[in-house]
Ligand code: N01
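What follows is one chain in structure tokens, specifically the form predicted alone.
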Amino acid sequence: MNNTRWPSADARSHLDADVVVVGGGIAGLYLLYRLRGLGLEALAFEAGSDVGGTWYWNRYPGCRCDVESLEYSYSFAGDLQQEWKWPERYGTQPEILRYVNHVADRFDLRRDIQFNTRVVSALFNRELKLWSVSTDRGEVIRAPFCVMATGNLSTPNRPNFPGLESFQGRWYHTGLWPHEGVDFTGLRVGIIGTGSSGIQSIPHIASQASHLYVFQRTANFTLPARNGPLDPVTERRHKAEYPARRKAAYETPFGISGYPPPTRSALEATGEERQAIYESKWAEGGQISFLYAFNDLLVNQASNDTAAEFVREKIRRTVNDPVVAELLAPKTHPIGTKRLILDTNYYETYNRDNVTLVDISESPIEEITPEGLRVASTNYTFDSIVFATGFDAMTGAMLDIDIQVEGGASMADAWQHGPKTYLGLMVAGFPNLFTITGPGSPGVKSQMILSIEQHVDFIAACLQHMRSRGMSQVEAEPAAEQAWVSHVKAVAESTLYPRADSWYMGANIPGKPLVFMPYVGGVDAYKKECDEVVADGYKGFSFAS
């Protein structure tokens, strides 16, 4: 490919870039790298002051990845894989952010990113075949293509409790944590939420606070991470096997290598065998290992019950107070149907004298008061409140942008009953607009960087395909989109996933349509489908010159 600008007929004088990229996280960085390699001019906008995406914003105490470091990393540059040294089995937020900054520096990617800039709207002109992308700085940038690298967990679910503005102390959201950190030493703290960010931060806050009150609406399953320094022998072996491991990861459901797929049902094992297998997985640590104990934990309720009860019994044996233990033992959803969390000393934290668990499943928080908050007739007094209330996942970031096609529907209209995409890559009716790990893709149910790379590679190949043939527009066909949406729904309904009121369903956001958003047929099945689409001349996509 040459370095000339994208052919745009009468629109050439309006062109500011070939591609506008929204987001400067892990997806945006790799996309810039690939586009530059194709000789295309790209400009990325990032709301934060630097790169990192999820790992830039989420700086709460204990924030750590739940995929092992040697897997959760870029694969596109062999020397990068070899030279970077991860200190621990699971990367901390500071370490992952340091890695992402290293990648941005190493490949000089910052020069194509405008920081501290939020995209507020994007409008497509069908006649000119151009996107006009507007920012909160009043700028308008025009390009034939726009790619949403906005992330799946990038729009915090902001607290909307009545009375919040009256609170006289300080409050924080785990997804918008102060970069300078927070010292809770000697303070009375309330934390609302026991999802991933709550479970990771609670042990750390408890070690500082004079007293920590944990407000739990729904108990979640969490497993011990068994984190520790990365074994040098393991690291050398893994790095030596990187090419084969990366290839093998695409042939697994979760996009993670190193876990032999199970071959039998939990119900085929005796009680003693099951117990021994679960004990082994518990001792090993890690979510994929545990879910791989048997081959039907996510599709068979009776099998799932055996795993769930094993974990509940571990909780009962760990937490000294039997009433607290029972509150912490999840009973409202099958294990694994919500994001299976990894922790360090979470349940042990409830044995501390300065930690109190407050069940708000039946008596919710009524209001924030100047001194703290009120539940039923009980008032709690705090110096600080932490909202671990999660994100408007998978769709929030895109719907925060006013995306429209002239004379056509807006994205808000198209998704009013839930998101619809073709392969999680494009939305019918929105030409030249790509999404990275969008709804309908396995992104959040996989090793995210692997899924990001696969999507970026697909987009780059599609652009190359178009440019070499003089084509200027690509669009998902409505019939292909509907068929894919139906398939995603059918696959989900063949599993236990929809039985949980999870953020996969949008259940954590009031008024959000309850639609199971990820594709849970597995990375292996998904990549095969994408490869077949390309081999069949980009089946389901329509092109125009």
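All of these numbers come straight from a predicted model, not from anything done at the bench. The first residue of the shown sequence is 1; numbering continues from there.
Below, we refer to the form predicted together with the ligand, which is not included among the displayed structures.
Participant: Taking the partner as it appears in the predicted bound form, which of 138-146, 294-302, 180-188, 154-162 has residues with heavy atoms within 4.5 Å of the ligand?
Facilitator: In short, 154-162.
Participant: When the ligand is placed as it is in the predicted bound form, are 195, 200 and 338 each within 4.5 Å of it, taking any non-hydrogen atom of the residue?
Facilitator: Yes: 195, 200 and 338 each sit within 4.5 Å of the ligand in the predicted bound form.
Participant: Would residue 389 count as touching the ligand in the predicted bound form under a 4.5 Å heavy atom rule?
Facilitator: Yes - in the predicted bound form, heavy atoms of residue 389 and the ligand come within 4.5 Å of each other.
Participant: Evaluate residue 249 for contact with the ligand in the predicted bound form, applying a 4.5 angstroms cut-off between non-hydrogen atoms, and reply yes or no.
Facilitator: No, residue 249 sits far enough from the ligand in the predicted bound form that none of its heavy atoms falls within 4.5 Å.
Participant: Classify residue 34 as contacting or not contacting the ligand in the predicted bound form by the rule of any non-hydrogen atom within 4.5 angstroms, answering yes or no.
Facilitator: Because no heavy atom of residue 34 falls inside 4.5 Å of the ligand in the predicted bound form, the answer is no.
Participant: Is residue 495 close enough to the ligand in the predicted bound form to count, meaning some heavy atom within 4.5 Å?
Facilitator: Contact check for residue 495: no, nothing within 4.5 Å of the ligand in the predicted bound form.
Participant: Looking at 57, 503, 519, 30, which is the one with a non-hydrogen atom within 4.5 Å of the ligand in the predicted bound form?
Facilitator: After the contact test, the surviving option is 503.
Participant: Though the ligand is not shown, can you say which of 65, 488, 40, 476 has a heavy atom within 4.5 Å of it in the predicted bound form?
Facilitator: That would be 65.
Participant: In sequence order, which positions of 355-369 have a non-hydrogen atom within 4.5 Å of the ligand in the predicted bound form?
Facilitator: Just 360.
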